[in-house]
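Presented as structure tokens, the chain that follows is alone, the form predicted on its own.
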């Protein structure tokens, strides 16, 4: 099916994939709305990468370019919970791009990982970036050695942990 230029397209998710899709659709003349379940745009660029590694002003400037191109954004809307694809169709959306990402932390299957104060690195970074942070005190243990683990360790230190 070929869509006419100017038709409405919904992009679900405002991470790298969703923002890229919105950009190219807007260039081609489509009316694009990006739906994001969080209150902040950018997906893991905003919620997973700390500001000391990716300045949020740079990302926000890129999002502003999309706004200038006519892309609209709706935050705090979880597709499938707050609104369905059928409801979006009723609103005139003819196509959908699902860019929901991979935002979940993984369990390690070790004793104690369900204990109080244990949180996945991805969830910790998301909470900090959404302003749901609490000051840490005492020792913090980070299990892992990849980029997320290093970001968690550096962020925990900035939050008062040792």
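Residue numbers count along the first chain shown, from 1. Just so we're clear, the structure is a prediction, and the values are computed from it rather than from any experiment.
Note that the form predicted together with a small molecule isn't included here; everything after this is about it.
Using a 4.5 angstroms threshold between heavy atoms, residue 53 counts as touching the small molecule in the predicted complex. Residue contact check for residue 16: one or more of its heavy atoms lie within 4.5 Å of the small molecule in the predicted complex. The closest heavy atom approach of residue 102 to the small molecule in the predicted complex falls within 4.5 Å. None of the heavy atoms of residue 71 is located within 4.5 Å of the small molecule in the predicted complex. When the small molecule is considered in the predicted complex, only one residue from 119, 44, 95, 65 comes within 4.5 Å through any heavy atom, namely 44.
This chain is displayed alone, yet in the predicted complex one of 128, 35, 59, 26 has a heavy atom within 4.5 Å of the small molecule; that residue is 35.
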